[in-house]
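Only one chain is given next, in structure tokens, and it is the form predicted alone.
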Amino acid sequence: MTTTPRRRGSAAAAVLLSAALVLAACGSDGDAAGDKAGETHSVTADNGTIEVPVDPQRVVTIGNTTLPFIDMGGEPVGVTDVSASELGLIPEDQRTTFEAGTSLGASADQIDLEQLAGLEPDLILAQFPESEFEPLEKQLGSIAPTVFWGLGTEWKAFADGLAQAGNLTDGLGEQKAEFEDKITRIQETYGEIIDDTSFVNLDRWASSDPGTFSIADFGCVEIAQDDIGMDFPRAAEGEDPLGWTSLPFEQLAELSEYDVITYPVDAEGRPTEPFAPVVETNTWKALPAVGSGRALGVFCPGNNSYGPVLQYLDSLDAALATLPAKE
């Protein structure tokens, strides 16, 4: 699952989505309980206010909506492709649900619209670049109500919007409750560490130039910063994320000013393949945090829905538990 760089300043989108659900009086008071066929409500997203079924039965997911929708318990009838590396990070039952959906193309800009129409969806959920949505908007809307989010949407607002549009608020509610429990546990268990420790989060991607790494301030580390209150470096408001800058391995030595380093590992706790060259350098091995057991591998399977975020919190919790006492 991709750790997606997200620009801050998406509060407007969050506010927009938080006010999304406005029930329209399409049903009557006399309707039988549970019989929602034909009822609609209004959902507001980045493409405006859209009238969608209260209980959609044939949902197509495009772009980044697919895995979060499945994570909340949804079962799309049509999907765009997801990379093998992303599928490898989700539970088997979710992979089965994904594979049961009809593949409509490699990506949003390659979607087979005729095949999509043939599925007779009653709702289309989509998240991909706005520049790709604009030429598709009318065609998608002519097939079924289409709810679209751009890539800058904050992840919690995105989850709220998906759940409201897809009638998955019960599943989302359970995930939110678990999220809050885990956040509280970490804050209570490691309160002193959180208050007195300077952290730095490193990353490296398959696309990174050889011999470079980044101080990453987006992805799961934003949860550690914003929800837990851990002290990680971040870009100034309005500036590009720190993680967009590639740094040469020689600058690893400058990380000695931080108490604790976090870095990406896979589900088995091994440095991710792109990051492995970093831990093999002598500069890394000479860092005080590394020599004292204060370099923590943390697993982040994704940051755009609650399921993978909960896995991240479990990994962070376990990593913090290994920290030796501060000298």
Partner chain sequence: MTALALRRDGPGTVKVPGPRRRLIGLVVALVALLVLLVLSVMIGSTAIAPSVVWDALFRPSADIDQFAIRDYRLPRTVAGLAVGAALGLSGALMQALTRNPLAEPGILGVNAGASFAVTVAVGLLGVRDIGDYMWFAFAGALVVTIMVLALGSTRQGQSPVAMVLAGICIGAVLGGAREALQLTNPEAFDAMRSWNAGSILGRPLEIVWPILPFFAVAIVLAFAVAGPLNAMALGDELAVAQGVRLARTRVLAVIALTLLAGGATAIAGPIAFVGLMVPHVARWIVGPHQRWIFAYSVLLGPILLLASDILGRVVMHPSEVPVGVVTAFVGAPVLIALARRKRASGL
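Numbering follows the first chain given and starts at 1. All values reported here derive from a predicted model rather than from experimental measurement.
Unshown form predicted in complex with the partner chain; subsequent notes refer to it.
Residue heavy atoms within 4.5 Å of the partner chain in the predicted bound form occur in exactly one stretch of 79 to 87, 115 to 123, 157 to 165, 141 to 149, and that stretch is 79 to 87. In the predicted bound form, the partner chain sits within 4.5 Å of a heavy atom of A206.
The closest heavy atom approach of T212 to the partner chain in the predicted bound form falls within 4.5 Å. Within 4.5 Å of any heavy atom of the partner chain in the predicted bound form lies no heavy atom of D240. At the 4.5 Å threshold, heavy atoms of L247 reach the partner chain in the predicted bound form. Three-residue candidate spot A253, S256 and T281; every residue lies within 4.5 angstroms of the partner chain in the predicted bound form by at least one non-hydrogen atom.
L287 is the sole member of I50, V265, V54, L287 with a non-hydrogen atom within 4.5 Å of the partner chain in the predicted bound form. Interface residue among Q187, S131, S198, Q110, judged by heavy atoms within 4.5 Å of the partner chain in the predicted bound form: Q110.
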